[in-house]
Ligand code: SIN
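Taking the form predicted on its own, here's one chain by itself in structure tokens.
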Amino acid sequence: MDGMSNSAYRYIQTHRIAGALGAEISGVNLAEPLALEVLAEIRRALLENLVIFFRDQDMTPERMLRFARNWGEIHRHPYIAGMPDYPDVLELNKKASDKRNFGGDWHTDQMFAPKPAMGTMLWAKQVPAAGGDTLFANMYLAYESLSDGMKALISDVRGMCVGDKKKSGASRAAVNAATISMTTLEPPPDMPRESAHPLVRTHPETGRKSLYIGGHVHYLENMTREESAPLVEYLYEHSHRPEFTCRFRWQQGSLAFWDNRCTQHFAINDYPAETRIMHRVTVCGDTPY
């Protein structure tokens, strides 16, 4: 990031929340159709800050979808059913009785797909009294902080990103069905269950290189899981060092929009006996290179 000040924008105001990434945006009402000039500044703020946050937004599924369509086609989740009247909108309802939450590990969305998600939007409908924050990590910094030797080692290596199973070997759909209060799906049989993506990804808009790692990376292409494990685990743990991260505290009406091409995120499950309800819309992306 170049540390641009609020004066660099004409239609919005930005306030960075951490040194690594993340900015709150004010001066815009996402519930209304937005002018092209405003959308252009929001896109610029996203590219500069990697994840952006909006407070006090009066959103509905229709309003979220209208805003999301400014960035591309809407992606439909293959493992979780959307809302009955809005199948492109996920309602992430973590009830007090749920054993775990949705997104409770470091990951980037839909990494197992041939064309992973470009961006994700999450809006807070109901939040716990405390807790339920989301962490984000800057994958540009994660890559740039590697040694020259490590950069050379992984420059042409691809990670095998798996969608239908956890690293434990359990079915993702079965784990979801047993532990979260949402309707889980078995994806179509012709849907790819894994994809190979470069560990070093070039952002199609900024041209910057980032480390492309996350919980979906189970092993490395042309290597066994045992051979892959030390490098995969090192890069995974390295990728979310504290100095690469920011932490967002949700309030009812807050909306986050993050760039999956250069970030990871982690939903913290620290609110037992409370409910957290979020609406999520994901924007389709392109093939990593």
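In case it trips you up, residue 1 is the first one in the sequence shown, and so on. Bear in mind that the values here come from a model prediction, so they are computed numbers and not experimental data.
What comes next is about the form predicted together with this ligand, which is not displayed.
Asks: In the predicted bound form, do Arg43, Leu50 and Thr206 all put a heavy atom within 4.5 Å of this ligand?
Replies: Result no, not one residue of the spot touches this ligand.
Asks: Taking heavy atoms and a 4.5 Å cut-off, does Phe67 contact this ligand in the predicted bound form?
Replies: Phe67 lies outside the contact set for this ligand.
Asks: With heavy atoms only and a cut-off of 4.5 Å, decide whether Arg276 touches this ligand in the predicted bound form.
Replies: Within the cut-off, so yes.
Asks: Wondering, does Phe102 line up within 4.5 Å of this ligand in the predicted bound form on heavy atoms?
Replies: Contact with this ligand, yes.
Asks: Does this ligand come within 4.5 Å of any heavy atom of Thr134 in the predicted bound form?
Replies: Within the cut-off, so yes.
Asks: In the predicted bound form, which of the stretches 138 to 146, 102 to 110, 195 to 203, 154 to 162 has residues with heavy atoms within 4.5 Å of this ligand?
Replies: Careful reading of the contacts points to 102 to 110.
Asks: Note which of Ile80, Val89, Ala117, Leu92 lies within 4.5 Å of this ligand in the predicted bound form, where distance is taken over heavy atoms; exactly one does.
Replies: Answer to the contact question: Leu92.
Asks: Of 63 to 86, which residues get within 4.5 Å of this ligand in the predicted bound form if you count heavy atoms?
Replies: Nothing in this stretch is in contact.
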